[in-house]
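As a starting point, one isolated chain is supplied in structure tokens, in the form predicted alone.
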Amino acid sequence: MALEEFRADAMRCTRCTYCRWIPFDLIKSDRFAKGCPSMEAGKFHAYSAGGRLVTALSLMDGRSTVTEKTKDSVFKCTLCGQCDVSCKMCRYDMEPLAAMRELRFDLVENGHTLPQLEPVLESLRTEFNMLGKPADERGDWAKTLKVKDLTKEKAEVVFHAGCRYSFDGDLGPVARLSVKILQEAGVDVGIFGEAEHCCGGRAYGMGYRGDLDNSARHNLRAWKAAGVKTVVTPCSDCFHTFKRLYTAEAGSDIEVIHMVQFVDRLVKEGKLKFTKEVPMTVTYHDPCHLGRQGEDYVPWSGTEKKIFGQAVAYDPPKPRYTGAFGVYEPPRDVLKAIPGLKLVEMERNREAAWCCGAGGGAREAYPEFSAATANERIEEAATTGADAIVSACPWCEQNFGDAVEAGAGALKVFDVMALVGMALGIEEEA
């Protein structure tokens, strides 16, 4: 697509500023009513979805040029999609999140890039990961495991760890636990180890769509060669990329499932049984890419028309991604099934969840903004009285862990799989 294709979105926006808030019917207090981390940081309309649509229209019409302030407003955003959810509560003819992505693509393709992101992209292109680590170290997290090597043998299920679980030593135990949990349930699972490549989704969010295409081609080819029928990942970024972007960009008939969904299925089928109590009160944080952006992709091809020259309609009806059908219940059902564990909710949850602050290149390009966004979520989690904040994404967990370590609060930070491991009695070294 091209930025010009979003001209109608830019023209239709009424600048109502609803994109700044969570949907009004989900607001429980004025303290936790806001939904846009970027607006909280920028304190100016240009940092909202509506403001970026104004920017896009101005650039398309040649009324302005790209400056450093323009780049700041366009890139200082986690692309969490909260604005998209709120907008679609009352509009059916706009795609603010897609328009903001296209605005980034346009800037990048015209050379208006952020120098902070260049090392990250270089790492992806040469070492096939987003963390600047040597490619031959990608499989080190699994060295103590006895698991199939899919470069040499076949398996029905591939476990795709993702960049952060593969290279972040603090999070490596989650990946190992996940494989052990699958093996405990008798799943025919394998890994690619150091041959695994980044999903490409974070590069796409940063504005580099060509890098997504490269990653998709490699991974789809590798899965097909290994005879894989199902891809399981504990990373919500990878899940969203495989589920939504690969299908949209490259096409794929392989089942993609997040680890929490797979565990929920295995528990309900009786293939996993929790035998240990985990006496803890936790609150669950919905990752943006698993929650509101975790809906199934539905291909659409049609035309837009206007009824009586006014009301917009689509023929055939166009899929409407409202965030309501993301992956919300599986992680909660898993947590509720753990003996002794109590789950309490934050005010902003499910499609109204506040972002962790790590997405869209924010953690890499704007660390202070990213940290402030995480601090806000930690503060909200603390009001629930929980002992810990739990999530299902390594980027969320890392950002929350850094915030707590920096003094944001006393909450513990866990992945859902860490608690599942405790309930199954599966031990994993730190």
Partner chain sequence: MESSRDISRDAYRAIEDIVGADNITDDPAILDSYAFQWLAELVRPERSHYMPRPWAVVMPLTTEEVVAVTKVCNKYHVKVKPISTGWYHWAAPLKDDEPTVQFDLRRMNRILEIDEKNMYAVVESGVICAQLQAEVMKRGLNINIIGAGCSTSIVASASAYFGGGPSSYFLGSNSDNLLGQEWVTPAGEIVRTGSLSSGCGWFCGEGPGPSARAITRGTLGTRGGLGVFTKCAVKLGPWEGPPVLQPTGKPPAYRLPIPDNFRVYTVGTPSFEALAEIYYEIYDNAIGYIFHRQFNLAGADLAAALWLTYLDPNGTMNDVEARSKDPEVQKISEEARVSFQIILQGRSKEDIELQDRILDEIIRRTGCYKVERFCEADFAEFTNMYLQRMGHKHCNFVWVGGYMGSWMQAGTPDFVKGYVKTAIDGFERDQKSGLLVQCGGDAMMGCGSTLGGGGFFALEQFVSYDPNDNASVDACIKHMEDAITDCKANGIPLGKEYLYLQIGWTDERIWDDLSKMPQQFVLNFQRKIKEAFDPNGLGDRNYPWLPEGWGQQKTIAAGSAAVAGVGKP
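Quantities reported herein were computed from a predicted structural model and do not represent experimental measurements. Residue numbers count along the first chain shown, from 1. Here the rigid core means the biggest group of C-alpha atoms that line up within 1.5 Å when the two forms are laid on top of each other.
Only in words, not in the display: the form predicted in complex with its partner chain, which the text now covers.
- Taken together, R125, A142 and Y366 are entirely out of contact with its partner chain in the model of the complex: none brings a heavy atom within 4.5 Å.
- Heavy atoms of E351 reach within 4.5 Å of its partner chain in the model of the complex, making it an interface residue.
- Within 4.5 Å of any heavy atom of its partner chain in the model of the complex lies no heavy atom of G401.
- Mapping the unseen interface onto this chain, S301 falls outside it, with no heavy atom inside 4.5 Å of its partner chain in the model of the complex.
- Taking non-hydrogen atoms only, D93 approaches its partner chain to within 4.5 angstroms in the model of the complex.
- Of the candidate stretches 373-381, 390-398, 53-61, 357-365, only 53-61 contains residues with a heavy atom within 4.5 Å of its partner chain in the model of the complex.
- Here I307 counts as shifted, since its C-alpha moves by at least 2 Å between the shown form and the other one after the core is aligned.
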